[in-house]
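Form predicted on its own, single chain, as structure tokens, below.
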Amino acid sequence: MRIGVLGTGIVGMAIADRLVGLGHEVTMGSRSADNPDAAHWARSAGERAGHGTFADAAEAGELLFNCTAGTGSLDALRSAGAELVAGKILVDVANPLDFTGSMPPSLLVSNTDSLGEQIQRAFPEARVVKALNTMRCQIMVDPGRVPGAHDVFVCGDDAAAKRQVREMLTTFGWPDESIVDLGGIGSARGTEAYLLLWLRLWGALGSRDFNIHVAQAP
């Protein structure tokens, strides 16, 4: 599959590396076509890797990953162009973290809205699926890094899009029973708000190599 990854940070790099390793053709997008991080990644990742602008990645990909910083996600997608994301599955991995105040960061949007919903409203023809935003990026693409059962969440309004994302997550190594469908894109309010707890767990544990598991009574 041809996949566009928007964002050149550690999340975008981790997901793009995994996708190339699985045999996908990946175009990494950034604000400029000559972004040095994206260019270096493409050279090192091999013949199935390319890079360009956000629009180049959106045009090349049959499926897209938004791995940009949450503060810039809407601008990045506008730069990509609504016509190039229309009809495509857009996996939103971003979180609306606000680093302008004291640490740990707060959320730019919460309670009555979410970044996932904002993206879906701004790009109504995109098939937005919120996923993978509740854990460290290394665990996103290698769940075996954390021993035992733990979960990944998906939400979105398009059931077929969620099924396809679910299938892709299994190729990352996620057991089907560990993929929890929370319902519509409004559920992104919950997964994004979880970052407030995740940050404090990181501080308490002294490590980011953890994830959560939902245990249900029989």
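We number the residues from 1 along the sequence you see. Predicted model, so just to flag it, every value in this text is computed and none were measured.
One more form of this protein exists, namely the form predicted together with another copy of the chain; it is left out here, but the text below deals with it.
Exercise. What is the one choice in 158, 37, 59, 181 with a heavy atom within 4.5 Å of another copy of the chain in the model of the complex?
Worked result: Contact with another copy of the chain in the model of the complex is made by 181 alone.
Exercise. Based on heavy atom distances of at most 4.5 Å to another copy of the chain in the model of the complex, which listed stretch, 163-171, 64-72, 43-51, 148-156, is the contact stretch?
Worked result: After filtering at 4.5 Å, what remains is 148-156.
Problem set entry | Non-hydrogen atom contact residue 175 with another copy of the chain in the model of the complex at 4.5 angstroms | No, residue 175 sits far enough from another copy of the chain in the model of the complex that none of its heavy atoms falls within 4.5 Å.
Exercise. Should residue 100 be classed as touching another copy of the chain in the model of the complex when contacts are defined as heavy atoms within 4.5 Å?
Worked result: Taking the distances in the model of the complex, the answer for residue 100 is no, it never comes within 4.5 Å of another copy of the chain.
For this session: Please check if residue 138 has a heavy atom lying within 4.5 Å of any heavy atom of another copy of the chain in the model of the complex.
Result: Close contact is absent here: in the model of the complex, residue 138 is far from another copy of the chain, nothing within 4.5 Å, heavy atoms only.
Exercise. Can you check whether residue 55 is within 4.5 Å of another copy of the chain in the model of the complex, heavy atom basis?
Worked result: Residue 55 lies outside the contact set for another copy of the chain.
Exercise. Going through 200-218 from first to last, which residues have a non-hydrogen atom within 4.5 Å of another copy of the chain in the model of the complex?
Worked result: If the 4.5 Å heavy-atom criterion is applied to another copy of the chain in the model of the complex, 200-218 yields 200, 201, 204, 205, 209, 210, 211, 212, 213, 214, 215, 216, 217, 218.
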